[in-house]
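Given next, in structure tokens, is a single chain: the form predicted on its own.
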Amino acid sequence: MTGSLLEIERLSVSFGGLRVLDDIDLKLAPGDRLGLVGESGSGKSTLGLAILGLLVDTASVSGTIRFAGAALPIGDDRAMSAIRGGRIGFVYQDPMGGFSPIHTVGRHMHHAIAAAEPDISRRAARERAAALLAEVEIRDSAARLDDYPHQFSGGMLQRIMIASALAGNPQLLIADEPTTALDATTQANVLRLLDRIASARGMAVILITHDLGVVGRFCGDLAVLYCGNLVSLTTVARAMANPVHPYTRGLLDARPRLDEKPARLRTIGGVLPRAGAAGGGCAFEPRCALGRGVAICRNERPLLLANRSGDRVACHLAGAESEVAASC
């Protein structure tokens, strides 16, 4: 397939009149790996759920989402059910809470497989489930289908959740904080597993996370959300080498560093504003070391525009890369 796999145009989401996503534009090609980052409350998970039509009924959604050239029927839950799991897989961030404790892993897997392939026989579904567990490196996969969730570790449950998301051979996998609750070693193993599976299947991945270290090890592109706005869209390599947007630099600077003694965590001053509270200016202006108090930043919302490198950035002062580096 050529061209875009996923196209999001002017996607906005509101709850009770408060806009939590504001005119989001994104494109994803087959096989792409996009890291979607930002603080808690920035709208990352809302965007992932909006793509799959899983937002609550009280959500007001506008804009267009196209998948493989066709508009997704976001308002039609029956039609979306054929797409979820089949063409787009979703991995939730809490592996411990994603399984019913009274059902075996095999039963959970059977539901996922049957949803993607309703006419499959029980025997064939079990064989498929065992093969999927083996693909995510669960040993003795056929026997372990009869075990219950409490008999697995958190890392193993995360692998099983990934296996369930792969049941319908999706072209796109959306993983929402898949490594948050895991220790460093297990996190690395899950990322290695995702890398291997995505490469083998030619599958596109949207990785939702607050951890830029995870993005750096897995993704090729980076989308940064702040207060429901897409403020930067670039490659991971360019973001790591020279983050143009002050918020991206703040996120990078907030990563733990082992070369400082004593180790000290940097933070971005202030707090994320509540939805709809940004006014007409840049939502990041009150916290920005470069633009705080600058009239244009305070009064005019920056547009997401391409720069000389081909990246897209929403910042009135984005041309002053050297000043950003010196000030943040």
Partner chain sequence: MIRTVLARLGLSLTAALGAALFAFLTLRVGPGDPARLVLGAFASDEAVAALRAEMGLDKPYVVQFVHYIADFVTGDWGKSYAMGEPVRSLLADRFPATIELGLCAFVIAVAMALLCGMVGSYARRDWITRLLRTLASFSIGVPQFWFGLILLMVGFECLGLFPGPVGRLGFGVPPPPSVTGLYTVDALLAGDLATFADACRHLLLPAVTLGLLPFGFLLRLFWANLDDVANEPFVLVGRSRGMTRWQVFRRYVVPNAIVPTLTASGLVLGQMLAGSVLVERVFNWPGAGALVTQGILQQDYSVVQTFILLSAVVYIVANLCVDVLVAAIDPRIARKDTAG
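This structure is a prediction, so every number in the text was calculated from the model and none was measured. Positions refer to the first chain, counted from 1.
Although not depicted, the form predicted in complex with its partner chain is the subject of the following passage.
For the chain shown alone, Ser164 is a contact residue for its partner chain in the model of the complex, at least one non-hydrogen atom being within 4.5 angstroms.
Remark: Phe218 does not count among the residues lining its partner chain in the model of the complex, judged by a heavy atom distance of 4.5 Å or less.
Although the partner is absent here, Gly250 lies well away from its partner chain in the model of the complex, with no heavy atom inside 4.5 Å. For Gly155, no non-hydrogen atom is located within 4.5 Å of its partner chain in the model of the complex, even though that partner is not displayed.
Taken together, the three residues Arg123, Arg126 and Thr186 all stay farther than 4.5 Å from its partner chain in the model of the complex, as judged by their closest heavy atom. Stretch-level contact analysis of 187 to 195, 107 to 115, 206 to 214, 130 to 138 against its partner chain in the model of the complex, using heavy atoms and a 4.5 Å limit, identifies 107 to 115.
Put simply, of Ala289, Ala29, Leu54, Val61 only one has a heavy atom within 4.5 Å of its partner chain in the model of the complex, and it is Leu54. Along 91 to 112, a non-hydrogen atom within 4.5 Å of its partner chain in the model of the complex is carried by Tyr92, Gly97, Gly98, Phe99, Ser100, Pro101, Ile102, His103, His108, His111, Ala112, in order along the sequence.
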